[in-house]
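Only one chain comes next, encoded as structure tokens, the form predicted on its own.
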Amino acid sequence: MKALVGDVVDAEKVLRNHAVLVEGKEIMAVVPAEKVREFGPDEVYGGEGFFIIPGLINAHTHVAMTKFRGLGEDMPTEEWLGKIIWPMELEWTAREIRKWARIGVMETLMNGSTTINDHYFFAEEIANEAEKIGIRAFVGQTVMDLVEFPHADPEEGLKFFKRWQGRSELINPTLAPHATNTVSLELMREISELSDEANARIHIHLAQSRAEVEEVKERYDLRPVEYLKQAGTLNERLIGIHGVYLTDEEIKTLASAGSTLVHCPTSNVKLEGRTINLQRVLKAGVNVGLGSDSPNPVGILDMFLEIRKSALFANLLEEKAHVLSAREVFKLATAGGARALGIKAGLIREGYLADLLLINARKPWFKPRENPYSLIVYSARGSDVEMTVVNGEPVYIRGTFPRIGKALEDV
């Protein structure tokens, strides 16, 4: 048994000076710190001056795109994809993907995400690296049929899904159609049918750019959400990404279907110069998760930055500031992401997955300690992560990765 000691903070509560007891892959109990020795833990981590929070859930990313960091700066989405990203992606090999996915997964764990929802090519290599290093990963092989792209063969996406279905505690395969304008309605219907049969998540870019919306309208005389409805895709297993150009009516339709919208604030503002009205989406009843998108264009796989920007950007689109509390935004990156992925995580409760972070709050920017939610949202950063626990196992501790027995500089 392991014990993490400090101030326990999740979207429901703050418990000062408590211990989270971990047995196997689950949280066994949450008790006052003075009682921890009564349970006889084998290992005790943290102590006074630490926060224990649920692991952050990066509900949309492309970890292998660490290779492209800093390239194609200051371009809008379609130009960025057409001139920089897609030409370089055509040159990917399995070996290269494996190397850069390893770097991306390590960076992610160091910065406090215990779960990723990854959407990319050579998904087999990404899944293998994720399992080896120890992150919980939902992984989908990107598929397209309206763009000629050899790495996005729909048949390979299906094969990957079937190979990994039920195979691993940490790796969950998803169905990953690229976007509403790069996947035909016919293929989308096939994907929806498989999702129904296998109870699988569908992870898709949704209304990310003006060009996407215009292409779907021209091709089918439908808006993106109408396209998904025609394909039979709208339900609680749908995870739509971005949503920058969704109408109020489309947002209501997503809410009625129980679908999730993943907000990627840095990526949206950098590529499109705009983002969703987060307050309006939440008021409509849509489940919202947060994502970093890829290291290009956002720069770093640090979900603390996405939490902070979500809170700040929400103010820009409303007449009054502070439309969302720090606590509400923190919930999106924890419980919101867990709901999207259908996992019992995101809160610190008995019986929940022991996907946890130990935050070193013995630093100037964590003082005074009166409002932990504000400190986590506006002060914390990935470098404050002391330890990352996934499935009850410490997989990152102060610069080392115990599961592979290596420090960062060794890799």
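Numbers for residues come from their place in the sequence shown, where the first is 1. As the structure is a prediction and not an experimental result, all values here were calculated from the model.
What follows is about the form predicted in complex with a further copy of the same chain, which we do not show.
Three-residue site T66, G273 and I300 fully in contact with a further copy of the same chain in the predicted complex at 4.5 Å by heavy atom = Answer is yes for this spot.
query = Quick one: of L375, V36, I343, M28, which gets a non-hydrogen atom within 4.5 angstroms of a further copy of the same chain in the predicted complex?
reply = None of the others qualify; the residue that does is L375.
In the predicted complex, the residue from S294, N181, T260, T77 that sits within 4.5 Å of a further copy of the same chain by heavy atoms = It is T77.
ask   = Which single stretch, out of 378 to 386, 351 to 359, 54 to 62, 41 to 49, brings residue heavy atoms within 4.5 Å of a further copy of the same chain in the predicted complex?
value = Only one stretch passes the 4.5 Å heavy-atom test: 378 to 386.
ask   = If you check in the predicted complex, is N111 within 4.5 Å of a further copy of the same chain, heavy atoms only?
value = Yes - in the predicted complex, heavy atoms of N111 and a further copy of the same chain come within 4.5 Å of each other.
ask   = Might F121 be said to contact a further copy of the same chain in the predicted complex, defining contact as any heavy atom within 4.5 Å?
value = Heavy-atom contact with a further copy of the same chain at 4.5 Å: absent for F121.
query = Going by a heavy atom distance of 4.5 Å, is R223 a contact of a further copy of the same chain in the predicted complex?
reply = R223: no, not in contact with a further copy of the same chain in the predicted complex.
request  = Tell me, yes or no, whether D145 is in contact with a further copy of the same chain in the predicted complex, where a contact means a heavy atom of each within 4.5 Å.
outcome  = Residue-level check for D145: no, no contact with a further copy of the same chain.
query = Which residues within 278 to 314 place at least one heavy atom within 4.5 Å of a further copy of the same chain in the predicted complex?
reply = Stretch hits, in order: V298, G299, I300, D302, L305, R308, K309, L312, F313.
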